[in-house]
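First, one chain by itself: the form predicted alone, in structure tokens.
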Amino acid sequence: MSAQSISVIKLSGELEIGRRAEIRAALHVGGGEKAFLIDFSEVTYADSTAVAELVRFHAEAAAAGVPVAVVIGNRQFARLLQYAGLGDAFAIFDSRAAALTFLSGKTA
């Protein structure tokens, strides 16, 4: 799979309840996507709203058979997923390059 066939969704800043509609609109499977790279590398804070929307999106993508990789740069957000018991539910990476390599191998 080439990088051009991977849909990239990038969110930044604080992902909290006040941005729920924006997060939900961004994390959407429209149909026809081959893979998703969710880039949270510039997220400075995330609460349970972001986790809930990520879980919803992941289920939607899995139902469509579309692989997802998540890039998380903020340790607080990564810990939040671990504490919620979701650390193994997602393909989480520290870098965009590693996530792209993973997705390229998923549909090669």
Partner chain sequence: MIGKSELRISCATDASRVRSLRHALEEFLRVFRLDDEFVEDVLLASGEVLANAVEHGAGAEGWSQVELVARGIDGMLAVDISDSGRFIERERVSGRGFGLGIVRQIARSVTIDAREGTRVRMLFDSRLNQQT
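All values derive from a computational prediction rather than experimental measurement. Numbering follows the first chain given and starts at 1.
A second form of this protein, the form predicted in complex with its partner chain, is not displayed here; the remarks below concern that form.
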TODO: May I ask you to check whether residue 52 falls inside a 4.5 Å heavy atom distance of its partner chain in the model of the complex?
DONE: yes
Open item on the list: Since only the chain is shown here, I'm wondering whether residue 47 would be in contact with its partner chain in the model of the complex (any heavy atom pair within 4.5 Å).
Closed with: yes
TODO: Answer for residue 86 alone: is it within 4.5 Å of its partner chain in the model of the complex, judged on heavy atom distances?
DONE: yes
TODO: Examine residue 10 and determine whether its closest non-hydrogen atom to its partner chain in the model of the complex is within 4.5 angstroms.
DONE: no
Open item on the list: Within 4.5 Å, heavy atoms only, which of 80, 37, 61, 27 is in contact with its partner chain in the model of the complex?
Closed with: 80
Open item on the list: Suppose contact means any heavy atom within 4.5 Å; which members of 9-42 contact its partner chain in the model of the complex?
Closed with: 14, 16, 17, 18, 19, 20
